[in-house]
Ligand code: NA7
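The form predicted on its own is given below as one chain in structure tokens.
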Amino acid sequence: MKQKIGFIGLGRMGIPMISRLLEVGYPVTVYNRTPGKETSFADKSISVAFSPEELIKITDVVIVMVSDDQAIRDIFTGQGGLLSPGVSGKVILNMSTVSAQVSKEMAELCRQQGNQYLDAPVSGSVKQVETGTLVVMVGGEEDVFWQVKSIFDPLSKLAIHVGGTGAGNSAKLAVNTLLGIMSQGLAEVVLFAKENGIQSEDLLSIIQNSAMGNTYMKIKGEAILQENYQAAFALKHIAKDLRLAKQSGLNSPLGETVFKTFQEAEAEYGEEDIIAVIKSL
């Protein structure tokens, strides 16, 4: 029998992730801090809990997909939170992009109560969820990872255990630092070429047909050409991730540069896509 899953966080990623789990037969109960989003599943067999405490009591594995460290602390330790007294033997998968430090704090609190915790952030956006091609980076006890590996399978093309608690978070911040560097690099060379009389279409065609061509460059290059900055991955989120990376010790030349660029761009372009950094530059 499939494990009963509780899911917290019905945002852009959470809703399609739940749909994938339902498609392969997992029973899912949801909780969202802002009521109403559960109506997305009105035509599907899904239960709704009214607090994290209620959710964890009636499920085996709880997945958390929220925005930041403070949201994690609220969900775990706030009134009616996941770590309310008397609940043990559960597994909590924190798939949010948060700091390694908050994962270490929550993992220790879980351990004290007899629960298991894995940090399991993902690389990919809504399209990758819908096609089951996310990459999941997991930190925590390896035997717990193998206990829940089947839950990651319908969501991902790769779920990899990378180390102890917080290692998944650190891997995700490394990946997203590279994402910021690639986005800024693409934006800068498009602007440089344009200033020297090269059409953006021609430059992007050259890049895509060279050894540097890849899916990300193609998608973001097309967004630049179409001036389509509707958020697939909002610029405010990469700005947040780079702040976390900086707090974790990021101090390399490119890291410092991309951190500064996205912090400056966030105020005006935070709700737009990451590649809207070209407008700031």
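Heads up: residue numbers just count along the shown sequence, starting at 1. Note that the coordinates shown come from a computational prediction; the quantities given were computed from them, not determined experimentally.
Omitted here: the form predicted in complex with the named molecule. The next part is about that form.
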| property | result |
| --- | --- |
| Selected contact from 32, 248, 40, 47, since only one has a non-hydrogen atom within 4.5 angstroms of the named molecule in the model of the complex | 32 |
| In the model of the complex, the one of 235, 65, 56, 242 near the named molecule [non-hydrogen atom within 4.5 angstroms] | 65 |
| The named molecule in the model of the complex: contacting segment from 213-221, 22-30, 66-74, 252-260, heavy atom within 4.5 Å | 66-74 |
| is_contact(residue 97, the named molecule) in the model of the complex, heavy atom dist at most 4.5 Å | yes |
| Contact test in the model of the complex: residue 13 vs the named molecule, heavy atoms, 4.5 Å | yes |
| Contacts with the named molecule in the model of the complex, stretch 207-226 (heavy atom within 4.5 Å) | none |
